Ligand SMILES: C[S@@+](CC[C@H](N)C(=O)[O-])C[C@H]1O[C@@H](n2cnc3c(N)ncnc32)[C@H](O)[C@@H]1O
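Given as structure tokens, the chain that follows is alone and in the form predicted alone.
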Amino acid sequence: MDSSKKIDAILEAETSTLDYLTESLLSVVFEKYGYDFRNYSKAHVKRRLLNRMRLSKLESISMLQHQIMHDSSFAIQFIKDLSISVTEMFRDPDFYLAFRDRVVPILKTWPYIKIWHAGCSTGEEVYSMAILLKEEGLYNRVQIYATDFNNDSIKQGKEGIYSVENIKKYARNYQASGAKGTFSDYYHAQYDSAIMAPSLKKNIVWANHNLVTDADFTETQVIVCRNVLIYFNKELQNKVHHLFNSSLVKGGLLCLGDKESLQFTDCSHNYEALSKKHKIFKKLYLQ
């Protein structure tokens, strides 16, 4: 049996056995490297784990675990595999339309605005927000904190350099998001790269932060964490919602992904929905 067939056979193993081996592997990652993926969605972890085995031609989880324990560079790659990097500029344009309509009028009543982009990946959605705020005349009184636990993602976000191949799609998203300008005004092309304008970078602070293990951001007016919590199990989702609730000021706004919800969390009673469809919530003043 060749290696790919052996790996496929793992998929057909008893769920309890595969779960045990996966839990053992994640415990090793946490104990040796300090990254805690033990409460990530089992489906997400298994997909990434089996993909790494295929790419590295490892025929068992035990071999994968041995490699992680004894090869730190391999372990770092595996940790990157588990990080969440699916993103694009003005992803889900309808969300940005709703943000302009429902959130911007509230932001305009505040003299200073602190926005936390949690799990920002490589920063495309952070720059999208910066563009929106600039067009709404708010950017000069905003401080955006863009955080992720993946240092490579943070580095790319800080540099603001993206493949020019994606620009046409980003421009279409921008136009559908309620654009008030021209997308080409916000970047300049250089060879095969698009470099975001310095004026967008000036009020963004990039920082390493792990939602699983790190503390809250106090006195935050807006938290944007879209399509991150879907990779966590219910216990971890609940923990992160407590983190967000303690970070937001009363009357602050929480923006989630389209497949995410406050329902069935301990914190659901602390919010009212500004847009149920677009998962924009306002923290109640009574909390």
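The structure presented is a predicted model; accordingly, all values stated were derived computationally and were not measured. A residue's number is simply how far along the shown sequence it sits, counting from 1.
The same protein has a further form, the form predicted together with the named molecule, not shown here; the description that follows concerns it.
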Quiz item: Can Q77 be called a contact residue for the named molecule in the predicted complex at 4.5 Å between heavy atoms?
Solution: no
Quiz item: Quick one: does K158 come within 4.5 Å of the named molecule in the predicted complex, counting heavy atoms only?
Solution: no
Quiz prompt | Contact test in the predicted complex: S177 vs the named molecule, heavy atoms, 4.5 Å | solution = no
Quiz item: Heavy atoms within 4.5 Å of the named molecule in the predicted complex: does H209 have any?
Solution: yes
Quiz prompt | Output flag, F30, Q67 and M69 jointly within 4.5 Å of the named molecule in the predicted complex, heavy atom basis | solution = no
Quiz item: With the partner removed from view, which of 85 to 93, 99 to 107, 192 to 200, 127 to 135 is the stretch that lies within 4.5 Å of the named molecule in the predicted complex, judged by heavy atom distances?
Solution: 85 to 93
Quiz item: Of the options M53, V228, L26, L262, which one has a non-hydrogen atom that comes within 4.5 Å of the named molecule in the predicted complex?
Solution: V228
Quiz item: Can you name the residues of 141 to 163 that have a non-hydrogen atom within 4.5 angstroms of the named molecule in the predicted complex?
Solution: D148, F149, N150
